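Alright, here's a single protein chain in two forms, structure 1 and structure 2, each given by itself as structure tokens.
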Structure 1
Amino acid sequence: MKTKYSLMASAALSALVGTSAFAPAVQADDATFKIGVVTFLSGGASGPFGIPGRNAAEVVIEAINAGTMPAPYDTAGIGGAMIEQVVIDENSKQKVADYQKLVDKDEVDAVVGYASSGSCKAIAPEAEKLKQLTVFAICGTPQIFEEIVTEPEYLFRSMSHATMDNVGAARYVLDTTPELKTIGGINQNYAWGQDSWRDFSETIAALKSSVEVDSEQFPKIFAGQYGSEISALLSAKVDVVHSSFWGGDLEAMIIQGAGRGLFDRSQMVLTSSDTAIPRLGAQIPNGTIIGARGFNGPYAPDTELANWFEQAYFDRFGVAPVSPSYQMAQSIMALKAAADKAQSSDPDAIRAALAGLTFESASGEVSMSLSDGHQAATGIAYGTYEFDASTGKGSVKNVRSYAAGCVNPPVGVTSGEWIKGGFDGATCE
């Protein structure tokens, strides 16, 4: 796996923003295919997450319409129809009403996006109720298809859920810290944080039962101040601290924790942290374990499609894309791949083709293999952070990759059952 992520630490906040493997698409009667793009445009998650996602949608949709993407996406449009996007802010107190407006008033053909697991828990049943083709780009909780929508027809998620992140993180910690004795965690107190800590701590327990949990901290999401939680972790003196913090919460925790010596006292593993590299630079302590929720950002593959995306994004915005950029791009590529397979821009034809589809993305191959073909499964990589003061650039080293079959549950088994059952069926090289 090539690790090519290397960014200026002084970079400003992210700016606002071949031959097809399938048969040629048939020109649709309707000349446009309208996509509702939902991402954080305001609030603490907008800079690190939402705006990079919006920027990626802009780059990919423009290239699809122009037919300038590399293979297998080198035909113009979605089923021959040009894409029109309607962008809305996920940072809303009326998320369901906003979604309903996209469907009923804006009359979108598909909805892509959403970062927060809380948002997705609210929207998931609405997608099925309104029979609206919807592709979640991020929101990691396994609850979406394991508990909330167990027989999906209209809802998809084009990236792996959080079990991948945390099983991969646990394997990386044990691979690199064989003498591990104690762990602790600081995770946001909602579905994403709770599920992430459960999967990480239970994976550690399943793989090395002698490891003890000494401190579990669950501050409120978007709290911003973590003094008491950091004090508790410092007092516990655990070997490893796990955190699935993301966005502004992640950055605040890094600054506050590093300032008080938490990163010196314990090995920190941050499962969703590549977004902080261009924004914090030298403020991230060397040796921190960095996750990017798959082969995104610093772990993107060395392929024509991945290299095109990184260069096109950089040329437009002056910074390299981070994981939310790759994830948003992946959701749109999923629609394009399905439309190309179906040779149609009809949403029903696209969702039929998307179920169970394997397609290429800027993060590598994606298999829609779980939850009746509505949930993606991919591999993941982890590495440790290193900042070069002479160049002002941060990068990852000591990278290890874990295949999809090693970090995702098999078909028909929930995440919790799989971990507690000892990873039956896992394929780890």
Structure 2
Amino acid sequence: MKTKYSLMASAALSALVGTSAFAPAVQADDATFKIGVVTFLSGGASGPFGIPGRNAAEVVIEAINAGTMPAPYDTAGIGGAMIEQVVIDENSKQKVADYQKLVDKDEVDAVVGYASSGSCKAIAPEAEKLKQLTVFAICGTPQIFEEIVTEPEYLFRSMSHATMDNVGAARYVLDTTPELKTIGGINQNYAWGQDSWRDFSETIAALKSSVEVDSEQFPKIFAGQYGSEISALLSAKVDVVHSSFWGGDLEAMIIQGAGRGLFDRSQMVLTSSDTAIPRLGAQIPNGTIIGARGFNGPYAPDTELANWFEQAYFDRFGVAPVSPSYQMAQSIMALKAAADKAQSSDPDAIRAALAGLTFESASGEVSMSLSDGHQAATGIAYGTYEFDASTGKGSVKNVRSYAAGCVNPPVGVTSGEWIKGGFDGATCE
């Protein structure tokens, strides 16, 4: 029995030592720039967000290494160093420990990714604590720089937060539906859905106080079956129904809702729906208002860079890139742009160059203008869906674009205050 405890101790110790033995030798090679890519590889968010994001990272990183991207990114590498990527799964219960592992064990030079607001909230203070250059690619919540990290040094977010989606959607609805009287909503019952609906309904209330809210549906995320919610919306007969559904839930809701005439009875506004276009085609009723969380997918600009990205992604994976692909690509292009400006692959130099930088991505021009130059502000576009039976492809028309200043709060004002206060300082043309 004596041996039992020495055995126990040695089992635990060998596990510990074993783990450290795997740690790579110190990276003496300065010619590589290591990027940790964090994205959903399993679970319900992997199909719609994680995998398209990982794919985009692959396409862009390979092109940067090969120097095959169009201008302004036609030089090879990050400040001359070749990129090496380490991909990990965002679907984990130990997100922070996983992040620390990337920093400490894999010794990455930069971390990019994260789609869920919950992950971003947990990682944000860690990035500052560990002094690790980190670029959030997606996550929606405006709280990251408004509340959690108010004086960022190491942390960036290369896309606008979700406020823009819903303020933009509300402005589009008011611009195109002058006789708007009632609105309703169907949003997933978690932070993203709740925030989206609040921003949308409060924007409408602030801009046109006579509009009434009727029927607010909050089904569980990944529920898949929305029969009851659709019945409730059908009987409410509101003018406009707002939804921030994404991925599989969105596709299921379109199939079930369109099949039962919900889209004819109410004008649907789907803030994050470009991902459904290639898959559902004619199933999405014409006239549905489509959002892509920025100038992504169908709203991507007609530039050499945007066209290159769309084509390269399509050639590689056989499908068109969707908004999460554009967002992930944008975060890596942010690093590339900053490194080019700094003429260096040193993370500190990149960090200094990225703050306040205006750079080009596959979604047009991005300016890191908010939160001391760490939070991007971009504009957004909305349009209505139009399916072309002869080509079998869906597109958007009646497109209206809103400039960054029109849909994002100005420096120093939180999103909530800005909306409630009637959009002080908004610059809409």
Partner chain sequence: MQTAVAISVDGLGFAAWLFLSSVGLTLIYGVMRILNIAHGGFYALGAYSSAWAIGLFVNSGGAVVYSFLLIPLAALLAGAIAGLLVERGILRYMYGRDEVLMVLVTYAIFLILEDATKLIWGTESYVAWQPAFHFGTINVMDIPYTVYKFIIMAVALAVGAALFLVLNKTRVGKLLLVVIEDREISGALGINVTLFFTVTFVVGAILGALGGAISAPEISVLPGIGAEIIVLSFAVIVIGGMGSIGGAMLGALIVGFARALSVHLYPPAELFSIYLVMAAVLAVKPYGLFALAESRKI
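Between two forms, the rigid core is the largest collection of C-alphas that superpose within 1.5 Å. Numbers follow structure 1, counted from its first residue as 1. Only a predicted model underlies this, so the values are computations on that prediction, with no experimental measurement involved.
- Between the two chain copies, the one drawn from the form predicted in complex with its partner chain is structure 2.
- Once both forms are fitted on their rigid core, the CA atom of residue 122 lies 2 Å or more apart between structure 1 and structure 2.
- Annotation: Cα of residue 383 displaced by less than 2 Å between structure 1 and structure 2, core superposition.
- Taking 2 Å as the criterion, residue 366 does not count as shifted between structure 1 and structure 2: its C-alpha moves by less than this amount when the rigid core is aligned.
- Relative displacement of the residue 40 Cα between structure 1 and structure 2 on rigid core alignment is 2.3 Å.
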